[in-house]
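Just the one chain here, the form predicted alone, laid out as structure tokens.
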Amino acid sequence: MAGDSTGYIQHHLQNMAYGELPAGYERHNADGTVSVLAEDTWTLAHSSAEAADMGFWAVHLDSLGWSIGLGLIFSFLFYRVAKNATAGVPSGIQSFVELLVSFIDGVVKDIFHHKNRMIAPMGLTIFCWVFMMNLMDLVPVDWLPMAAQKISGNEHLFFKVVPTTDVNITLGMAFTVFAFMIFFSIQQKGLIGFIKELTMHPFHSGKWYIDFTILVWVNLILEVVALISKPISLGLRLFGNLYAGEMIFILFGVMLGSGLVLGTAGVFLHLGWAIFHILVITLQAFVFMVLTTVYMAMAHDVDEEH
């Protein structure tokens, strides 16, 4: 039973990896046979070991597919609401969208006190997109993977449906935010101003020979570490919370197949955790959006003191 549970958990935690395996690679098939690749081959990983051997350039098709698909759904929904918006009594969906836009706009205005028409739409996009990706965590863990296995005819197919449980997705978004931080910092402060921000704070003696021989390098190390820690913590925070939540759902799934008593307990625990998790997925989307807005405000701040 422990072996079955371990295999069940490992299967649900593995992404659908597509990458290159080198010539001569030995692939262990489901029927116990071993096949040797005659040449370098791009293929789907049949096991977590193959996914690891594919290395850095392997692509997680399930995470990319769901994240792009959910982004398109969000964009289409808001486009349709904006196109069909009326000045009279709004429909239910239009009222919801207007309320959400007003809420995000208010939050952004409270944090971001500079002029940039891109920031509020960015905040709205981040909140809605991350929320929709997080929302997939409420779909029972077996439904969509089993459907994918039936459709593909491959009962061993890996298929994760929560993009934010993939660190590549969360760090990808975080480093995109980081790129905007650097861009707006240089745009608002100039390249020289940006360099001064990294080298002249927080320590400054006023004596050039001390500043340029000691303090500049101390400041540079401190500021670069602080700068790089922002996207890493932003991405890992979202990943860690959603990965932990997904792991708990998987453990409840194990309980459902462990007899009547544990299965019944698993149903109620699953329901209770799902209700609580609604708060988690919303809060994590909100935190990601708020921190992004805070970082954009810091990038636009041209004051010498910070």
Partner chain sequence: MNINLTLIGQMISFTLFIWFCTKFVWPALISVMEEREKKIADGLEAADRADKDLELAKHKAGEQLREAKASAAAIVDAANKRSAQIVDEAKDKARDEGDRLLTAAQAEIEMESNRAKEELRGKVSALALAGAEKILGASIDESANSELVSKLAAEL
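Please read these numbers as outputs of a predicted model, since none were measured by experiment. Residue numbers count along the first chain shown, from 1.
One more form of this protein, predicted together with the partner chain, exists but is not displayed; see below.
Proximity of residue 197 to the partner chain in the predicted bound form falls outside the 4.5 Å heavy atom cutoff. Remark: residue 276 does not count among the residues lining the partner chain in the predicted bound form, judged by a heavy atom distance of 4.5 Å or less.
Proximity of residue 262 to the partner chain in the predicted bound form falls outside the 4.5 Å heavy atom cutoff. The partner chain in the predicted bound form comes within 4.5 Å of no heavy atom belonging to residue 183. Of the candidate stretches 138-146, 224-232, 199-207, 87-95, only 87-95 contains residues with a heavy atom within 4.5 Å of the partner chain in the predicted bound form.
For a residue to qualify, one of its non-hydrogen atoms must sit within 4.5 Å of the partner chain in the predicted bound form; none of 134, 150 and 237 qualifies. The contact with the partner chain in the predicted bound form, taken as any heavy atom within 4.5 Å, belongs to 52 out of 267, 37, 52, 250. Counting a residue when any of its non-hydrogen atoms is within 4.5 Å of the partner chain in the predicted bound form, the hits in 115-136 run 117, 118, 120, 121, 122, 124, 125, 126, 129, 133.
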